[in-house]
Every structure is written in structure tokens, then in C-alpha cells.
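Before any questions on binding or motion, here is one chain by itself as C-alpha cells, the form predicted alone.
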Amino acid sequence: MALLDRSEWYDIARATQWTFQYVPEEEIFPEGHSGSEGISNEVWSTYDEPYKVTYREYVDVQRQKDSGVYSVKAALDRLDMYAKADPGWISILKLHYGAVSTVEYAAALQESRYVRWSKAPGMRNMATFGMLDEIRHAQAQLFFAHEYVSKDRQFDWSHESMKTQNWGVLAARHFFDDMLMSRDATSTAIMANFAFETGFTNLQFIGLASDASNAGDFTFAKLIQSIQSDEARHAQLGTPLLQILIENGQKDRAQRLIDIALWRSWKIFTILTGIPMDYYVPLEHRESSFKEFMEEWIIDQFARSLNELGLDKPWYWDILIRDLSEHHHGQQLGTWSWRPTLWWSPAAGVSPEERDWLEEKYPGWNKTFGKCWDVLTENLKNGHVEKTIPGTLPVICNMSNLPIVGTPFTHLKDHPWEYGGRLYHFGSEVDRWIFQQDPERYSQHKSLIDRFLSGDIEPADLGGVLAYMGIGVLSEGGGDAHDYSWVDKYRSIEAKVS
């Protein structure tokens, strides 16, 4: 029997749309879950997914991907990359696995909500494959990370982090729960699949895979390339959805959701990507600065995507451009200083050669952030490690849940707002604006500082905070990735001068 060409049957097979006879449609697709209000079923049926794949094709390709990833891992394990890698690269692995692995399971639940609640048949079909993608991503990354637990217990955070109250986890969970888990299917797809994945994760994984290859970690590079190829497919899930909203008079809704998600994504990625690119990756393996990467691969391309759809750049675009040169440097100062609160050991990244590189990429760095590192370096040269660890907790932004930072001596400002008899603090006017869009959504959340001041953390000291976050329970907290060996270069310079 002759087989039909795929084009002859594909649209019929994936168009699982029918008229319900026994249950009202509003009960099948409640508005709070579907987010389809104001758009007819006829319009939803026009959703046309960019990537068309059958189940048979999907399974075959995924099998080949897994075979390639695990084969490379098996072949390279005996080379013991872990023992040869720069400690800064090991810190990148710990940070990545702890922040991403189990979030992939949340992303699988996100996609499953499209499968059940989206009114667009094509979107339901495409999301089915996206759901399977995310399960594979979680399983692979948890497996790869687990292989390192016997070498370093901090890798156990890959599985445990999202169950803890670590300050970094609180920030990530607040962001992902807001975007992935607590909005209707339409809003979630715009925020997650368009703003977050098209704008950040897809291209970020390309950069991470390149860094891994440069650092000699070909196993991790192969894993990330395998994941990125999936991300490139289901990242496109939001584009036809946006086209439907815009064509049916809901451009303002789409624009607001993108504006919220893009900024929230940016804040998280300054930690996950910005800090590692400019401070953890060994200097000889850095291809570009975080700012250059953002400008070339994310800012320009995302702006073009918005323009092609007839959308505007977010109103805060100039603020975002300014942030490219400063925010992650402030967060690096904070994370390295509060290193005992981390599940990884951050690299300082400020040896004399690295400072020259930072000044070249970010003119004025030495006169601003560099002056703070001057004080830290001087204390370390004199053997006063304790003076490099703050004795108090930082002011936390009530939106990003990250420390409020800025450029020393030039730009550091709190943006407060009172609501419901309480004063909230924000790291930028954009964070405050997001909160103001739906204050009831965010007002009850407690930051780590809120929990400390309200008595949720006992005893009310650093030891109590660390135990509350899981430090000392799952593993010890972080130290300096290179055990302060970079300070010896400054001692050598002083010795030569004297």
C-alpha cells in the first residue's frame, strides 16, 4: 500500500478540534486557565506552528540526540575532565545544574498546561513535544550532575536546590513560578516561550556550549547543544500566538506581558550568565564579554523579532541598555562577598590580567567596581579573610529578590513604593513598575530579609540564616573558587616594586 505524503495528512492529524456536546465549552477551557477570552474558536484553529514534526519523527530524532550525548559522555569520562578543569569552570557547572535542572520539570508542567488548556489545536500538538523535551532535559542534567556528587557534595544541590530557602533559589523560584506556573496558558506562552526562551535561553545555551568547548568540557558542550536544539523548536511556540493576539485587538496585552517577562528574565540571567561569562570562564577561553554577547545575540535579535511582529521595544529599553554595563558587576561583588551563602564557590575573576580585560570591555570599571575590589584585595593580602565577608544582610528587591546593586560612586538607588500599609523596596523603576501592574500578585511574598526581620529565621544570626537556607545541611557553603591564589599575583607585583 502506498504511503501518503506527510503534507497530505499532517494538518488533519494534529487539528484535534471538535464541538463539545455534553459539557459547556467554558467548563472545558476555563478562562482562568486558557486565557482565550475575546478570540473565537475559528481564529484559534488558524494557529500555525513553525516547526512541524510527527511523533515518529520526534522519537527518532530524540533517540539519536540521547545516543550522541551519552556516547560522548562515556567516551570522555576516562579523561577525567573534572580533575583537569579550572575551578572557575567547575563553579559554572555547579551554578548551572543547581539553578536549572529541576526547573526543567517545572517547564514540563508549563508545557502540559498548554496541552490541556490552550484553545489552539496546533499549540496543543506542539506543546506535547515541548513537554517531552523538558522531561528529557531535566533527566539528562540531573544524571550528569549526579556523576559529580562523589567528587564534590555541592553538586547535590542540582537535585535539592529548588526545595530549599536559599536566597538565590528564592529569587529563581519567585520568577519561574510567576512566569511558568501561575498564569493562564496564553499569557505563560508569551512570557516563557517568546520573551524568555526566544529572548534568552535559546541563545544563552549557544554561548554556554561554546564556553564549554573552549574550556575543554566537551561532555557538557554536547549536552547543552542537545538541549538547545529542542529549545530552538519550542521557543517558537509563542510567535504564532502573538500574531493571533495582535490581529484580534490584544496588542496591549501582549506588549505588557513581554515587557514584564523580558525584564524579569534579564535580572535572573545576570546571575546565571553575566557573572560566569565575565568572571568565572578562564581568561584565555573568553570569546566576548557578557555585554558584547547580549548586544549581538539577544538585544539586536530580540528587537528585530519585536519589530517583525509589529510590537514595540519595552518602554525601559534605555534602562536595559545601561544595565548591560553595570548590573552583573554589582551582583558579582555581592555573590562573591556573601560566598558562604552559595552552593558553589564563586571565582573572583579580578587578577591583574582579568582587571585589565574588564577595564577594556567596560571602560571605567577600575574607577567604580575596581575600587571596591581594591579594598577586598588589600584585606586578603594582609590575611584578613574575615573582613571580606559582610556581617549584615543586604537590602533585597521585593520583585527580583536579588540584592539591590548599582555602580559604586555613580548609580545606586532604592526605588520604594508603599502599598497596603507596607513599604516595599525595588532595585529599579522597572521592578517597581512590574509590581504595580498587579500588586496583589506579589505583595504577600516574603524576601529572605522579610523572613529574617519577621522572626521566621532562628536564631537571628548568620548561622541561623545559613541553616535556614540549607547551607551546612546539604553541603558547606562556597569559598573562593581558586582559594585566593590570585592574590599572590598582587603580592608579587608589590615585591617587585619594593
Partner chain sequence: MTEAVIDLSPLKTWSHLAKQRRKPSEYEIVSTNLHWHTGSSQPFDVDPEGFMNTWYREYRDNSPVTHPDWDSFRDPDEIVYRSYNMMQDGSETYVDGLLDQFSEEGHDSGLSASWLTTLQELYTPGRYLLHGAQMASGYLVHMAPASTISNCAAFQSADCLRWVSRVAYRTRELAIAHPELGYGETERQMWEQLRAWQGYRELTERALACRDWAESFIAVNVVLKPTIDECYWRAFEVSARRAGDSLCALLTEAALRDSERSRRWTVALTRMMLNEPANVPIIKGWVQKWTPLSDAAIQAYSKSLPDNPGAAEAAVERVRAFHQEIGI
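All figures in this text were calculated on a predicted structure; none of them were measured in a lab. Residue numbers count along the first chain shown, from 1.
We do not show the form predicted together with the partner chain, though everything after this point is about it.
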item	value
Partner-facing stretch of 118-126, 298-306, 358-366, 190-198, counted where any non-hydrogen atom is within 4.5 angstroms of the partner chain in the model of the complex	118-126
The partner chain in the model of the complex: contacted by all of Trp9, Phe20 and Asp60, heavy atom 4.5 Å	yes
The unique member of Tyr47, Tyr468, Phe435, Phe29 whose heavy atoms fall within 4.5 Å of the partner chain in the model of the complex	Phe29
Single option in Glu247, Glu353, Asp77, Glu160 placed near the partner chain in the model of the complex, where near means a heavy atom within 4.5 Å	Glu160
In the model of the complex, Ser40 touching the partner chain (heavy atom, 4.5 Å)	no
Contact test in the model of the complex: Ser229 vs the partner chain, heavy atoms, 4.5 Å	no
Interface membership of Asp86, the partner chain in the model of the complex, 4.5 Å heavy atom rule	no
Any non-hydrogen atom of Tyr442 within 4.5 angstroms of the partner chain in the model of the complex	yes
Partner contacts for 146-168, taking the partner chain in the model of the complex and a 4.5 Å heavy atom cut-off	His146, Val149, Ser150, Lys151, Asp152, Arg153, Phe155, Asp156, Ser158, His159, Glu160, Met162, Lys163
